[in-house]
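Only one chain is given next, in structure tokens, and it is the form predicted on its own.
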């Protein structure tokens, strides 16, 4: 099985399938994860070639758990340089105004301590509210921390086209931009792909499987009245923007037919579709353990051909949305997409 890699920067490569760790954050699930099982699962993923992990300063407990994994990896004779860990800096909404360089550095230092490393591979900046100035300063401070060796690469997450353009025009070398992108949510195609291609920014995408909705489990299933966690609530809202449950079921049926022809799952086809999109450097998929390892490894050997794309386009052409720029709906004050988000997890 082929494990695809991308040189994100000179001398720094990542696996194009990135292990996402948000599901392990305290509060995401009703029960705490079995840490021993998680760490053992991550080792299996890394040994198979899926060496890149994505986390955040606000994923409660996750950076420390990744630090434990790294420590055991080194103790077991693993090369620490073979593992890549991308984290984020997500300042609290209530503390955006008056943010200082010292506060930014303190969070970076906290991530360094949690992970037990001397340099963070990449820190991706998020910013909740554009009406509060400061994102250019925060990005510049991260770049200063890169220059002194605390960070290897600076990235961003969930910025729109104008603001990413501002950051790039300020001379800050953004290596990657993490955005939501899937068959159900093609907002990056509304200008972000073009800008990223022009400026050499790789898109690292999440939501390719829409929290699990783009899987055989939901084919023919009824519309869930109460999705089981915030992730499912989030992506159920995206399904509504896309065109509703009935159109979503038509898309799943097309995916299932394509999957049958290729001998894979509908989820694999959905993920491959995103990986093949212009400008996409990698996709982030949930990795609570190694349960889906074989399926993720098969992504490198699946080819979505022209006939498959025609099948999908027949449904996508009838979708209603989501419209607008990346993360635009999620920024509407009081909106359904915004209201489910926790925006003050860094405690100032």
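Positions refer to the first chain, counted from 1. Predicted, not measured: the structure shown is a model, and the values here were computed from it.
The next section is about a form of this same protein that is not shown, the form predicted in complex with a small molecule.
Engineer: Identify, from the list 258, 201, 85, 209, the residue with a heavy atom within 4.5 Å of the small molecule in the model of the complex.
Structural biologist: After the contact test, the surviving option is 209.
Engineer: Consider the chain as shown here, without its partner, and state which of 235, 273, 242, 127 has a heavy atom within 4.5 Å of the small molecule in the model of the complex.
Structural biologist: Looking at 235, 273, 242, 127 one by one, just 235 meets the 4.5 Å heavy-atom criterion.
Engineer: In the model of the complex, which of 72 to 80, 98 to 106, 161 to 169, 213 to 221 comes within 4.5 Å of the small molecule (heavy atoms)?
Structural biologist: Contact criterion met by 213 to 221 only.
Engineer: Even though the partner isn't displayed, in the model of the complex is residue 312 close enough to the small molecule, meaning a heavy atom within 4.5 Å?
Structural biologist: Judged by the heavy-atom cut-off of 4.5 Å, residue 312 is well away from the small molecule in the model of the complex.
Engineer: Give a yes or no for residue 111: in the model of the complex, does one of its heavy atoms lie within 4.5 Å of a heavy atom belonging to the small molecule?
Structural biologist: No, residue 111 sits far enough from the small molecule in the model of the complex that none of its heavy atoms falls within 4.5 Å.
Engineer: Heavy atoms within 4.5 Å of the small molecule in the model of the complex: does residue 43 have any?
Structural biologist: Looking in the model of the complex, residue contacts with the small molecule do not include residue 43, since no heavy atom lies within 4.5 Å.
Engineer: With a 4.5 Å heavy atom cut-off, would you call residue 316 a contact of the small molecule in the model of the complex?
Structural biologist: Because no heavy atom of residue 316 falls inside 4.5 Å of the small molecule in the model of the complex, the answer is no.
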